[in-house]
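Subsequent text provides structure tokens for two forms of one protein chain, presented individually as structure 1 and structure 2.
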Structure 1
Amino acid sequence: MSFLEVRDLCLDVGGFELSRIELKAEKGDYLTLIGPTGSGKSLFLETIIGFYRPEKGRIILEEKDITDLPPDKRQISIVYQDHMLFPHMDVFENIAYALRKKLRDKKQIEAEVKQIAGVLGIDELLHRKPATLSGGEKQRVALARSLIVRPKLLLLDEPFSALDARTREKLRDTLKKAISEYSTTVLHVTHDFEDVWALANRVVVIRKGEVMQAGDPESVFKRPSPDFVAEFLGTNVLKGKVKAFEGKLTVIEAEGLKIYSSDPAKPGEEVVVSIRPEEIILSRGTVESSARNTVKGKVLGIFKKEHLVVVEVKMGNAEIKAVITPTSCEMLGLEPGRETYAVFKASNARIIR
């Protein structure tokens, strides 16, 4: 029997259903759950922790059926995007809070708080109030508070999504260290593929309340459905095959185009290339540079998005999106039917498998 087993789980919240979810995790596994917004990821976590009572199915944790237990008897902790720290308590008290219900000994509580604060790099912040902390620091406190009770299962519901990229990256490293130190089993809902690559040994894809795919990240993303991946990333996705590896560049033939990527890959390998819309520059002519891609295309459509302009361009057999400023759109005289060149760096043509 696995450490965590979710069997045939069904939940009906009126208008939305989780249907027949099966999931297994071994002790120490790090599972990421991905899926479009509204696919039921948060509901799933909240059913695991016991905020919702499933219509059908069982949840077994360490050989114990916890389906009918109240949340506080399950030994499961959850961390959300917005930390929800107690504003009137300092960091020390926030972290110690749950532990005080389990332990009486003040010295022991203090030792435990100091230990977890050390692991999460917040020892200097113990006497501060939450309002004085940065977003990243607050999330460290939220993680400390959840881990200190040594939960059997740690649930993370997009814990990094309000943070900037650098902070996210640092926090990932810290989280990795902390969960290995505390040997925690984790279910982590995320939109960010970096979380999957950096943290997870398993990934579960959820769509419309159902599990679509589960396995190790390599095998799940080996042949992703481009539309599905693009939906998550909001990125351009091109499927192709590696033709050569020249110097430091991989040459890929994808959808009738020749694309250079600085990500390494083997000739013959089938790959999916992702190019973010904001990393594409549109230009009137070609730009000579070995580290750049310059691809001729034709404008299909132009539409406004907030204060920017999205230009859809047909290149080869692909339809890609570029995001530019209204000024450059005007200067280039772009309109449907016009020819344009799309320029993007080889380092921005990312091979995602």
Structure 2
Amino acid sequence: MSFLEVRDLCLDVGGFELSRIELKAEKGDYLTLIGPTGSGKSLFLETIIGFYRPEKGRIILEEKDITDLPPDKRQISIVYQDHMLFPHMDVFENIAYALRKKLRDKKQIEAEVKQIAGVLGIDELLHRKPATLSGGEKQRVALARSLIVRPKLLLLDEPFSALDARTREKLRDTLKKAISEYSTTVLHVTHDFEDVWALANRVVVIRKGEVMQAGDPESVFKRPSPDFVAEFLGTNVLKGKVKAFEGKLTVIEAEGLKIYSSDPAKPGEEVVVSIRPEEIILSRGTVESSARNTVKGKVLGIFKKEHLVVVEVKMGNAEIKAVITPTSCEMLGLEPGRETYAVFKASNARIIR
């Protein structure tokens, strides 16, 4: 039996619906849940922790049925986007709050708080009030408060979405360290695909309260199920290996292509490169531009998508999608079998793992 099993879970709360959700996680897994707004991801987390009782189905944690247990008996913690810190308490008291329900020894509580503060890099903040902290610092405190009780399961509901890109990147690294230190299994709701690649060993795609696809990130992103998942993910994902540096650029050999990226990586490192379709320019021939990547290919197919055109191009061993306007498609004379060049900047070839 898996560490966590969700069996045939059904719930309807004011238009938000979960429909026969099945999910399994092993101890130590880091699962990300992705899907459109309103698909029931947050409702699912709140059902797992016990804020809602399902109309049907069971939740099994470590072979124990917790479906009917109150939240405080489940040994599950949750962190939201908006921190939910107590404004009248300093950082130390915020972190220690839940621990005081388990421990009476003041020295042990102090030791535990200092330990988690050290892991999350907030040692210097313990006597400050939440109002004086940055968004990233508040989220570290919220994570510390949730992890200090050593939960069996940690639920994260878009904890990084209100932070700037640089802070998100730093916090991902910090979270990785803390999760490893506290040996916690994680379910993480996110809209940011970089959270998936940086943190998760499994990803679950949810739409309208149903699980559409689940698996490791590479298989889900590279071989998405038809229709919704492929459209929702919508990015070109290439697996490759770093070959060298040329100036400030990383040279990657990926699926028969030579790709330049402005993201740093070590020679010999296996990486995954993401290129958004809308960041690719198609041309009849090579062009003079600041874009470092120019790759020759052959058009496989052309599809209309609302007011745009999706062009599928075979390049090396990869099939790459580009999004252009109908006018551009007509001017380029694109049709299946026609040769074309894909042009994209090194900054748009993102190394996401």
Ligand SMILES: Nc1ncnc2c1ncn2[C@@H]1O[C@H](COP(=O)(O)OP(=O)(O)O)[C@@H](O)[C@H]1O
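By convention here, residues take numbers in order along the sequence of structure 1, the first being 1. Think of the rigid core as the biggest set of C-alphas that the two forms share within 1.5 Å after superposition. Computed from a predicted model, the values in this text were never measured in an experiment.
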So which is it, 1 or 2, that shows the form predicted alone?
2
Please state whether residue 54 has a C-alpha shift of 2 Å or more between structure 1 and structure 2, with the rigid core used for the fit.
no
Superposing on the rigid core, is the CA of residue 268 displaced by 2 Å or more between structure 1 and structure 2?
yes
Determine whether the C-alpha of residue 120 shifts by 2 Å or more between structure 1 and structure 2 once the rigid core is superposed.
no
So if we fit the rigid core, how much does the CA of residue 16 shift between structure 1 and structure 2, in Å?
2.9
